[in-house]
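One chain comes next, on its own, written out as structure tokens in the form predicted on its own.
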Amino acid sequence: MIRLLIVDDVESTREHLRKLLGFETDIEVCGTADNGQAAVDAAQKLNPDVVLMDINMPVMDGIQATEKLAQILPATPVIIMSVQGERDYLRRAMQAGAREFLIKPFSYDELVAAVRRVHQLEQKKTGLVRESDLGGAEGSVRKERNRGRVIVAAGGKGGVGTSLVSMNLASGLRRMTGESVILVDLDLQFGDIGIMLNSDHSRTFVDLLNQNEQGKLLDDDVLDEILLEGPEGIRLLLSPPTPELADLVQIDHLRSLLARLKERFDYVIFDTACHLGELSLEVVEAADHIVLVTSASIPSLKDTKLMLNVLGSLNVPDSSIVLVLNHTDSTTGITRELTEKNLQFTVAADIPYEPRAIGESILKATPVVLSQEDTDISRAYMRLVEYVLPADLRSVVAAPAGNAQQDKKKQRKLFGK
């Protein structure tokens, strides 16, 4: 049974929630309180598994109560309830230690799912016994390798297709090598990876922060609860559900996360926003490859040139930069040769503009490298995948002309898990 304490200053709301949750066989309302101070007192007496807490209350509000509970009952997660216009309060509550939030009016299913989710995560967090530092045979392989490869997809201008490149790159790497891949949406305010892959936004960066105390690295099972399953078996870490929650992610959080993901995955791919903020610069400095995406337009080339200058000032070696010319179209007049001449940089891959294939990919929430393998755009993406592989693997997986199917079987035999 999940023992739940309900805290709300409106009596009818408390009773309504109590009656609703009474239908659940695994949830028991062990008590109620009408203000924050009463909630703290009741929690100390009842020791509930989960606290459902409103924000605006007399005597002591939900934020202050959450702060106190985080100190005296750190193993009791708090779910904050808030109306739509209280998002600033909500951000403060998450910083105070709340593990989940519900925007009023929320559905009954959302409520029950949130209660079960935070309880399950807390159980895994407090009761986990790990077999080894990195976990099993996979961990020993990564110990020998010492680190996963970090690939950052970036663009100097919005709309150049960075997210499309990221998701196809991640899926292509997984398919070609069979190794573990995670795609992280680091466009924390307006990330599109979740919607493009039709993924559930119930677990995002915010849940990761709630489980990461004082910069400690997350246990594998807790991380597995937060990461979503993506196409071809890649894992996903999505951006927060609303833009203002992006402020919760601090540089120390990202450093801790990056260290953990490099231990856990063979390839860590970050899809970044079009501006180089503090968080983006952190992953850029750690990257093995920076996939710099531009498109066949004059403004995009201008911004890409500025981005190359910035990367140069950061002492990023040219060998780490993979320039991708996206949306190539014969009608624009901007060719690969013209791009290289203008930017004074070699284009590693040019991705053709195929709106029908892209539209179908987005509609089906499936990268083109998985759903439309015989198209020119898919083949271009797979050439990009080969380009970012380690040198020792690149020669092995290079596809001999006219024998793609046989080569694919060979790749799966060599690298499949």
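Everything numeric in this text was worked out from a predicted model, so none of it was measured. Sequential numbering from 1, following the sequence displayed.
Only in words, not in the display: the form predicted together with a small molecule, which the text now covers.
Engineer: Is residue 53 part of the interface with the small molecule in the predicted bound form - any heavy atom within 4.5 Å?
Structural biologist: Contact check for residue 53: no, nothing within 4.5 Å of the small molecule in the predicted bound form.
Engineer: Does any heavy atom of residue 377 come within 4.5 Å of a heavy atom of the small molecule in the predicted bound form?
Structural biologist: Residue 377: yes, in contact with the small molecule in the predicted bound form.
Engineer: Heavy atoms within 4.5 Å of the small molecule in the predicted bound form: does residue 192 have any?
Structural biologist: Looking in the predicted bound form, residue contacts with the small molecule include residue 192, since a heavy atom lies within 4.5 Å.
Engineer: How about residue 174: is it within 4.5 Å of the small molecule in the predicted bound form, going by heavy atoms?
Structural biologist: Flag for residue 174 set to no.
Engineer: Which one, 326, 82, 180, 76, lies within 4.5 Å of the small molecule in the predicted bound form by heavy atoms?
Structural biologist: Only one option qualifies, and that one is 326.
Engineer: Which of 98, 237, 164, 234 has a heavy atom within 4.5 Å of the small molecule in the predicted bound form?
Structural biologist: After the contact test, the surviving option is 164.
Engineer: Which is the contacting stretch out of 23 to 31, 353 to 361, 62 to 70, 40 to 48, given heavy atoms within 4.5 Å of the small molecule in the predicted bound form?
Structural biologist: So the stretch in question is 353 to 361.
Engineer: 281, 288 and 312: each with a heavy atom within 4.5 Å of the small molecule in the predicted bound form?
Structural biologist: Not a single listed residue reaches the small molecule in the predicted bound form, so no.
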